[in-house]
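Only one chain is included here, represented as C-alpha coordinates and corresponding to the form predicted on its own.
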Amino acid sequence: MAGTQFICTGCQAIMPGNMDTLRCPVCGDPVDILRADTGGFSEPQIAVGQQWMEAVTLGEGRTPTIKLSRVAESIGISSLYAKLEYLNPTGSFKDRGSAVVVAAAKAAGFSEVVEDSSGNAGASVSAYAARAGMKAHIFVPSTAPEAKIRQIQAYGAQVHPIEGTREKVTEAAINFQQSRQLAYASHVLSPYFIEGTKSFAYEIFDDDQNPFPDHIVIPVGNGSLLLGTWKGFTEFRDVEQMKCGPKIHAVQSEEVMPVVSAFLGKQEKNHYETVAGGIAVGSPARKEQIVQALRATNGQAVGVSDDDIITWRNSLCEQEGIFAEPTSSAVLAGVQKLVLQGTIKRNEVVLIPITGFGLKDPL
(Lines give C-alpha, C1' and ligand atoms only; values in the text may rest on other atoms or scores of the structure.)
Protein backbone atom coordinates (compact mmCIF):
# COMPACT_ATOMS: atom_id res chain seq x y z
CA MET A 1 0.00 0.00 0.00
CA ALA A 2 1.20 3.48 -0.84
CA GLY A 3 3.29 5.01 1.92
CA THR A 4 3.71 1.78 3.91
CA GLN A 5 7.09 0.09 4.12
CA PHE A 6 7.94 -3.47 5.12
CA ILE A 7 11.11 -4.69 6.79
CA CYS A 8 12.44 -8.23 6.57
CA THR A 9 12.58 -10.03 9.92
CA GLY A 10 15.77 -11.76 8.76
CA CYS A 11 18.07 -9.68 6.57
CA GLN A 12 16.41 -6.35 7.53
CA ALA A 13 15.85 -5.36 3.88
CA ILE A 14 13.29 -2.56 3.47
CA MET A 15 10.70 -2.70 0.70
CA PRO A 16 7.40 -1.09 -0.34
CA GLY A 17 4.45 -2.62 1.48
CA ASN A 18 1.40 -4.23 -0.12
CA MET A 19 -1.00 -7.11 0.49
CA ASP A 20 0.90 -9.40 -1.88
CA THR A 21 4.24 -9.17 -0.06
CA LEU A 22 4.35 -11.79 2.67
CA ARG A 23 8.02 -12.78 2.47
CA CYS A 24 11.24 -10.94 1.76
CA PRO A 25 12.20 -11.14 -1.94
CA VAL A 26 15.88 -11.18 -0.88
CA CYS A 27 16.05 -13.99 1.70
CA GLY A 28 12.51 -15.39 1.93
CA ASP A 29 11.90 -14.59 5.61
CA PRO A 30 8.58 -13.11 6.83
CA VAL A 31 8.20 -9.34 6.84
CA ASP A 32 6.89 -6.77 9.32
CA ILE A 33 5.55 -3.28 8.85
CA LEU A 34 8.24 -0.70 9.50
CA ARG A 35 7.27 1.30 12.55
CA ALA A 36 3.52 1.60 12.21
CA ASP A 37 0.86 3.14 14.43
CA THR A 38 -2.53 1.44 14.46
CA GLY A 39 -4.12 4.08 16.64
CA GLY A 40 -7.51 3.41 18.25
CA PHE A 41 -9.61 0.70 16.65
CA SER A 42 -12.88 2.43 17.48
CA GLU A 43 -11.85 5.43 15.42
CA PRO A 44 -13.18 5.87 11.86
CA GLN A 45 -9.66 5.54 10.43
CA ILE A 46 -6.47 3.70 11.36
CA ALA A 47 -2.92 4.48 10.32
CA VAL A 48 -0.51 1.77 9.19
CA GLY A 49 2.87 3.18 8.30
CA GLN A 50 2.08 6.38 6.39
CA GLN A 51 -1.19 4.97 4.99
CA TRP A 52 -4.53 5.99 6.47
CA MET A 53 -7.41 3.65 5.79
CA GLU A 54 -11.00 3.21 6.85
CA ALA A 55 -11.30 1.12 9.98
CA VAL A 56 -13.21 -2.16 9.97
CA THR A 57 -14.29 -2.65 13.55
CA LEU A 58 -16.67 -4.71 15.65
CA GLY A 59 -15.57 -3.16 18.94
CA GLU A 60 -12.50 -5.35 19.43
CA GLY A 61 -9.86 -4.69 22.06
CA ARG A 62 -9.93 -2.99 25.45
CA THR A 63 -10.62 -6.32 27.13
CA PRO A 64 -10.80 -6.42 30.94
CA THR A 65 -8.08 -7.74 33.21
CA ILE A 66 -9.01 -9.59 36.40
CA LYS A 67 -7.04 -11.11 39.26
CA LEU A 68 -7.05 -14.90 39.62
CA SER A 69 -6.49 -15.26 43.36
CA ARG A 70 -7.53 -18.90 43.83
CA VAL A 71 -5.63 -20.22 40.83
CA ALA A 72 -2.59 -18.18 41.87
CA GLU A 73 -2.70 -19.82 45.29
CA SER A 74 -2.91 -23.26 43.66
CA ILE A 75 0.16 -22.49 41.56
CA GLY A 76 2.10 -20.94 44.43
CA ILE A 77 2.31 -17.26 43.43
CA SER A 78 0.71 -14.14 44.86
CA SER A 79 -0.20 -12.05 41.80
CA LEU A 80 -1.76 -13.68 38.73
CA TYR A 81 -3.88 -11.63 36.32
CA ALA A 82 -5.84 -12.69 33.25
CA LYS A 83 -6.66 -10.45 30.30
CA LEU A 84 -9.98 -11.78 29.00
CA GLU A 85 -9.34 -11.93 25.27
CA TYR A 86 -12.28 -14.27 24.75
CA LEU A 87 -14.52 -11.23 25.25
CA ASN A 88 -13.51 -9.93 21.82
CA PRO A 89 -16.40 -9.96 19.29
CA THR A 90 -15.85 -13.44 17.85
CA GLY A 91 -14.57 -15.00 21.08
CA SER A 92 -10.80 -14.80 20.64
CA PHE A 93 -7.83 -12.42 20.51
CA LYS A 94 -7.64 -12.91 16.74
CA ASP A 95 -10.11 -10.03 16.29
CA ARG A 96 -7.30 -7.58 17.02
CA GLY A 97 -5.39 -8.74 13.95
CA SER A 98 -8.43 -9.27 11.71
CA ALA A 99 -9.53 -5.67 12.19
CA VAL A 100 -6.34 -4.43 10.58
CA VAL A 101 -5.67 -7.07 7.93
CA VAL A 102 -9.23 -6.88 6.55
CA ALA A 103 -9.09 -3.07 6.56
CA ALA A 104 -5.82 -3.27 4.61
CA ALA A 105 -7.34 -5.67 2.07
CA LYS A 106 -10.34 -3.42 1.59
CA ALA A 107 -8.16 -0.32 1.22
CA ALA A 108 -6.13 -2.17 -1.44
CA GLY A 109 -9.30 -2.72 -3.47
CA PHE A 110 -9.94 -6.42 -2.83
CA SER A 111 -13.48 -7.77 -2.53
CA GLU A 112 -12.53 -11.30 -1.40
CA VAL A 113 -10.06 -12.59 1.18
CA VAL A 114 -8.52 -16.00 1.82
CA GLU A 115 -7.39 -17.36 5.18
CA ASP A 116 -6.31 -20.75 6.55
CA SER A 117 -7.12 -21.48 10.16
CA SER A 118 -7.89 -24.24 12.64
CA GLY A 119 -10.83 -22.19 13.80
CA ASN A 120 -10.48 -18.92 15.69
CA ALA A 121 -8.67 -16.91 13.02
CA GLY A 122 -11.01 -18.24 10.37
CA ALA A 123 -14.06 -17.17 12.33
CA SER A 124 -12.51 -13.80 13.04
CA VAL A 125 -11.52 -13.02 9.45
CA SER A 126 -14.96 -14.18 8.31
CA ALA A 127 -16.71 -11.80 10.68
CA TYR A 128 -14.59 -8.80 9.74
CA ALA A 129 -14.91 -9.60 6.04
CA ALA A 130 -18.69 -9.61 6.48
CA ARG A 131 -18.45 -6.30 8.31
CA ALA A 132 -16.44 -4.87 5.40
CA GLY A 133 -18.83 -6.21 2.76
CA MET A 134 -16.27 -8.73 1.49
CA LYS A 135 -16.41 -12.47 0.80
CA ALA A 136 -14.19 -14.80 2.83
CA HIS A 137 -12.75 -18.17 1.82
CA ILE A 138 -11.57 -20.10 4.87
CA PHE A 139 -9.39 -23.20 4.53
CA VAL A 140 -9.57 -25.47 7.58
CA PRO A 141 -8.25 -28.89 8.62
CA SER A 142 -10.88 -31.58 8.11
CA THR A 143 -10.55 -32.29 11.84
CA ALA A 144 -11.36 -28.72 12.97
CA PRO A 145 -13.95 -28.49 15.80
CA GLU A 146 -17.51 -28.43 14.47
CA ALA A 147 -18.42 -25.46 16.66
CA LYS A 148 -15.72 -23.36 15.01
CA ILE A 149 -16.80 -24.45 11.53
CA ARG A 150 -20.39 -23.48 12.26
CA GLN A 151 -19.25 -20.08 13.48
CA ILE A 152 -17.25 -19.49 10.29
CA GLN A 153 -20.23 -20.48 8.15
CA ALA A 154 -22.57 -18.25 10.14
CA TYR A 155 -20.72 -15.19 8.82
CA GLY A 156 -21.38 -16.28 5.24
CA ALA A 157 -17.84 -17.47 4.52
CA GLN A 158 -17.10 -20.39 2.22
CA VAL A 159 -15.35 -23.18 4.11
CA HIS A 160 -12.76 -25.35 2.36
CA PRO A 161 -11.94 -28.45 4.49
CA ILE A 162 -8.53 -29.99 3.71
CA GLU A 163 -7.23 -33.45 4.64
CA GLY A 164 -3.76 -33.78 6.10
CA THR A 165 -1.47 -31.63 8.23
CA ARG A 166 -1.89 -27.98 9.14
CA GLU A 167 0.81 -27.19 6.58
CA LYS A 168 -1.29 -28.83 3.84
CA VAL A 169 -4.13 -26.48 4.71
CA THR A 170 -1.85 -23.46 4.28
CA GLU A 171 -0.56 -24.75 0.97
CA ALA A 172 -4.10 -25.19 -0.37
CA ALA A 173 -5.11 -21.70 0.75
CA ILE A 174 -2.11 -20.07 -0.92
CA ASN A 175 -2.68 -21.97 -4.17
CA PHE A 176 -6.32 -20.89 -4.20
CA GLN A 177 -5.45 -17.26 -3.41
CA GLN A 178 -2.77 -17.03 -6.07
CA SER A 179 -4.82 -18.71 -8.80
CA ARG A 180 -7.65 -16.20 -8.27
CA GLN A 181 -5.53 -13.16 -7.34
CA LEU A 182 -7.35 -12.59 -4.07
CA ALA A 183 -6.07 -11.06 -0.82
CA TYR A 184 -4.36 -13.48 1.54
CA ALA A 185 -5.45 -12.32 5.00
CA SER A 186 -3.00 -14.62 6.76
CA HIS A 187 -2.87 -14.41 10.55
CA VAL A 188 0.53 -16.10 10.23
CA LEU A 189 2.38 -14.20 7.51
CA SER A 190 0.53 -10.93 6.99
CA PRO A 191 2.38 -8.09 8.74
CA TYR A 192 -0.94 -6.27 9.00
CA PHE A 193 -2.23 -8.94 11.35
CA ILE A 194 0.72 -8.44 13.71
CA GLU A 195 -0.02 -4.70 13.68
CA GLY A 196 -3.42 -5.50 15.13
CA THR A 197 -2.26 -7.85 17.85
CA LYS A 198 0.28 -5.37 19.21
CA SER A 199 -2.67 -3.43 20.67
CA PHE A 200 -2.60 -6.11 23.39
CA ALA A 201 0.69 -4.60 24.60
CA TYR A 202 -0.62 -1.05 24.28
CA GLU A 203 -3.52 -1.84 26.59
CA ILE A 204 -1.25 -3.46 29.18
CA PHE A 205 0.97 -0.39 29.16
CA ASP A 206 -2.02 1.95 29.52
CA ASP A 207 -3.72 -0.09 32.28
CA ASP A 208 -3.73 2.03 35.43
CA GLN A 209 -6.04 -0.31 37.34
CA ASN A 210 -3.66 -3.26 37.65
CA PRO A 211 0.07 -3.65 38.41
CA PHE A 212 2.43 -3.80 35.46
CA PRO A 213 3.47 -7.43 34.90
CA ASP A 214 6.92 -8.86 35.44
CA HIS A 215 5.99 -11.79 33.22
CA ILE A 216 3.55 -12.36 30.35
CA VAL A 217 2.94 -16.02 29.52
CA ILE A 218 1.35 -16.71 26.12
CA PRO A 219 0.19 -19.87 24.31
CA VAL A 220 2.02 -20.15 21.00
CA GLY A 221 1.06 -21.83 17.75
CA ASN A 222 1.99 -19.44 14.97
CA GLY A 223 2.89 -16.77 17.52
CA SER A 224 0.86 -13.78 16.31
CA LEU A 225 -0.12 -12.64 19.82
CA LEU A 226 3.37 -13.10 21.23
CA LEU A 227 4.98 -11.26 18.33
CA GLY A 228 2.45 -8.44 18.45
CA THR A 229 3.02 -8.09 22.19
CA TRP A 230 6.79 -8.00 21.71
CA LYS A 231 6.51 -5.45 18.90
CA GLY A 232 4.22 -3.23 20.95
CA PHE A 233 6.57 -3.16 23.92
CA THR A 234 9.58 -2.68 21.63
CA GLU A 235 7.97 0.44 20.18
CA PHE A 236 7.40 1.80 23.68
CA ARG A 237 11.08 1.30 24.43
CA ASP A 238 12.02 2.99 21.15
CA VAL A 239 10.20 6.16 22.19
CA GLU A 240 11.57 5.93 25.74
CA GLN A 241 8.10 5.65 27.25
CA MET A 242 9.22 2.51 28.96
CA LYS A 243 12.72 1.59 30.10
CA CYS A 244 12.15 -2.15 30.24
CA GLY A 245 9.41 -4.55 29.35
CA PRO A 246 8.14 -7.72 30.98
CA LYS A 247 9.65 -11.10 30.30
CA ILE A 248 7.60 -12.86 27.63
CA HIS A 249 7.30 -16.65 27.80
CA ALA A 250 5.88 -19.16 25.29
CA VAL A 251 3.84 -22.25 26.16
CA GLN A 252 3.17 -25.17 23.82
CA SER A 253 1.78 -28.67 24.16
CA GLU A 254 4.45 -31.34 24.55
CA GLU A 255 2.80 -33.08 21.60
CA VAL A 256 3.50 -30.19 19.22
CA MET A 257 6.29 -27.88 20.38
CA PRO A 258 8.55 -26.69 17.55
CA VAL A 259 9.17 -23.32 19.23
CA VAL A 260 10.20 -24.95 22.51
CA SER A 261 12.51 -27.32 20.63
CA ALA A 262 14.09 -24.46 18.67
CA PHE A 263 14.51 -22.36 21.81
CA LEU A 264 16.18 -25.22 23.69
CA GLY A 265 18.22 -26.32 20.66
CA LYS A 266 16.65 -29.79 20.63
CA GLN A 267 15.36 -31.91 17.79
CA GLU A 268 11.64 -31.56 17.17
CA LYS A 269 9.43 -34.54 17.98
CA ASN A 270 5.94 -33.51 16.96
CA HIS A 271 2.98 -35.88 17.13
CA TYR A 272 0.53 -33.31 15.71
CA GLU A 273 -2.25 -34.36 18.07
CA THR A 274 -3.13 -32.33 21.14
CA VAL A 275 -6.24 -31.20 22.99
CA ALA A 276 -5.00 -27.62 22.45
CA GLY A 277 -5.89 -27.38 18.76
CA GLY A 278 -5.23 -23.65 18.59
CA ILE A 279 -1.50 -24.20 19.12
CA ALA A 280 -1.11 -27.44 17.13
CA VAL A 281 1.25 -25.94 14.54
CA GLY A 282 4.18 -28.12 13.55
CA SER A 283 6.12 -25.60 11.44
CA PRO A 284 5.33 -21.98 12.35
CA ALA A 285 6.50 -19.62 9.62
CA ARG A 286 7.78 -17.08 12.15
CA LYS A 287 9.51 -19.59 14.44
CA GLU A 288 12.91 -17.88 14.39
CA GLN A 289 11.31 -14.52 15.06
CA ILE A 290 9.42 -15.99 18.04
CA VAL A 291 12.64 -17.39 19.48
CA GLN A 292 14.28 -14.01 18.96
CA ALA A 293 11.46 -12.30 20.89
CA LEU A 294 11.81 -14.73 23.79
CA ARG A 295 15.55 -14.21 24.03
CA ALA A 296 15.22 -10.43 23.71
CA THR A 297 12.95 -10.28 26.76
CA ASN A 298 14.85 -12.92 28.78
CA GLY A 299 11.83 -15.18 28.43
CA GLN A 300 11.53 -18.95 28.30
CA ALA A 301 9.67 -21.57 26.26
CA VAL A 302 8.07 -24.59 27.94
CA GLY A 303 6.04 -27.58 26.85
CA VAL A 304 3.18 -28.92 28.97
CA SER A 305 1.24 -32.18 28.94
CA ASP A 306 -2.28 -32.52 27.60
CA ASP A 307 -3.34 -33.94 30.97
CA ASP A 308 -2.16 -30.77 32.69
CA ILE A 309 -3.92 -28.62 30.08
CA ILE A 310 -7.25 -30.31 30.85
CA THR A 311 -6.65 -30.18 34.60
CA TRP A 312 -6.08 -26.44 34.48
CA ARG A 313 -9.05 -25.86 32.18
CA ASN A 314 -11.23 -27.52 34.82
CA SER A 315 -9.57 -25.59 37.65
CA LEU A 316 -10.04 -22.28 35.85
CA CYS A 317 -13.75 -23.02 35.52
CA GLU A 318 -14.28 -24.29 39.03
CA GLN A 319 -12.05 -21.85 40.91
CA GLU A 320 -12.49 -18.64 38.92
CA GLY A 321 -15.64 -19.06 36.80
CA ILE A 322 -13.76 -18.73 33.50
CA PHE A 323 -14.58 -21.19 30.72
CA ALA A 324 -11.54 -21.18 28.44
CA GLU A 325 -10.58 -23.28 25.45
CA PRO A 326 -7.71 -25.74 26.10
CA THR A 327 -5.26 -23.48 24.25
CA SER A 328 -5.83 -20.86 26.94
CA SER A 329 -5.57 -23.22 29.89
CA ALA A 330 -2.23 -24.47 28.56
CA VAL A 331 -0.83 -21.17 29.81
CA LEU A 332 -1.66 -22.02 33.43
CA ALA A 333 0.18 -25.31 33.11
CA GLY A 334 3.06 -23.28 31.70
CA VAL A 335 2.99 -20.78 34.57
CA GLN A 336 3.12 -23.65 37.04
CA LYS A 337 6.12 -25.12 35.25
CA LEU A 338 7.92 -21.76 35.15
CA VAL A 339 7.33 -21.35 38.88
CA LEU A 340 8.72 -24.82 39.61
CA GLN A 341 11.77 -23.99 37.46
CA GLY A 342 12.37 -20.82 39.46
CA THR A 343 11.87 -18.58 36.42
CA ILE A 344 8.85 -16.92 38.04
CA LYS A 345 9.26 -15.90 41.68
CA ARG A 346 6.41 -16.08 44.17
CA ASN A 347 5.98 -12.31 44.58
CA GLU A 348 6.30 -11.36 40.90
CA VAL A 349 3.30 -10.22 38.86
CA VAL A 350 2.21 -12.58 36.10
CA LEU A 351 -0.24 -11.78 33.29
CA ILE A 352 -1.84 -14.35 31.00
CA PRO A 353 -4.27 -13.96 28.09
CA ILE A 354 -7.42 -16.07 28.03
CA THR A 355 -7.21 -16.31 24.27
CA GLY A 356 -10.45 -18.10 23.38
CA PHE A 357 -13.84 -19.11 24.80
CA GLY A 358 -14.46 -22.67 25.99
CA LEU A 359 -17.47 -23.34 23.75
CA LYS A 360 -15.17 -23.22 20.72
CA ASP A 361 -13.78 -26.70 21.52
CA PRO A 362 -15.44 -30.00 22.48
CA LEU A 363 -15.42 -30.85 26.16
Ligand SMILES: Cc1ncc(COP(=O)(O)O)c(C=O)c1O
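One rule holds for the numbers: they count along the sequence shown, beginning at 1. All values derive from a computational prediction rather than experimental measurement.
Although it is not shown, the form predicted together with this ligand is what the next lines describe.
Visitor: Check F93, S224 and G278: does every one of them have a heavy atom within 4.5 Å of this ligand in the predicted bound form?
Guide: The answer is yes; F93, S224 and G278 each reach this ligand.
Visitor: Tell me, out of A104, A136, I216, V220, which residue has a non-hydrogen atom within 4.5 angstroms of this ligand in the predicted bound form.
Guide: Selected residue: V220.
Visitor: Using a 4.5 Å heavy atom cut-off, which stretch among 57 to 65, 295 to 303, 319 to 327, 24 to 32 contacts this ligand in the predicted bound form?
Guide: That would be stretch 319 to 327.
Visitor: Any chance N120 has a heavy atom within 4.5 Å of this ligand in the predicted bound form?
Guide: Heavy-atom contact with this ligand at 4.5 Å: present for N120.
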